[in-house]
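We begin with a single chain expressed as structure tokens, specifically the form predicted on its own.
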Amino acid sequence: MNDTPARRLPAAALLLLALLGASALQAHTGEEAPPMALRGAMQKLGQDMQAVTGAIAVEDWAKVAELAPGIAHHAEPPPEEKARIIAWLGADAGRFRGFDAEAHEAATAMGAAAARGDGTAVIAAFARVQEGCLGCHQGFRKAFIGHFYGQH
């Protein structure tokens, strides 16, 4: 698979949904909206981010190096779902992809720093990953939930 920002769903999108609770899946009718296929990938990404936090806390740089590629090269949703998300984003797709690129580059740098045993650089790169996540969450989460899950 070609690993370009245009081919990958933004990591920020994955993180956007990783923190959604079950309540975000209810539609206006009170029925559960079927979860998007992306949800499982986002849950995995959230687990990996939590595991990195734990590994940093105990200075387990080998674990951080092991987890970083999974964050940088996260799973993608099926093409149809990805197209729905990009279509919904419209003119904001570039900004959304920018958050993905930021998270991808920072996770890659985090893995390289971990492989060198450079804890200071690991922490700095991890902070950049989180900044990409936060930017996406603040910019898109509420509207995304409203559009795809009927929550306003």
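Here the structure is a predicted model, which means the values were calculated and not measured. In case it trips you up, residue 1 is the first one in the sequence shown, and so on.
Same protein, other form: the form predicted together with a small molecule, not shown, and the subject of what follows.
If you check the small molecule in the predicted bound form, you find a heavy atom from every one of Leu38, Phe99 and Arg141 within 4.5 Å. Although the partner is absent here, Ile56 lies well away from the small molecule in the predicted bound form, with no heavy atom inside 4.5 Å. Contact check for Met49: a heavy atom falls within 4.5 Å of the small molecule in the predicted bound form.
Among heavy atoms of Thr108, none comes within 4.5 Å of the small molecule in the predicted bound form. Not displayed here, the small molecule is approached by Leu45 to within 4.5 Å at the level of heavy atoms in the predicted bound form.
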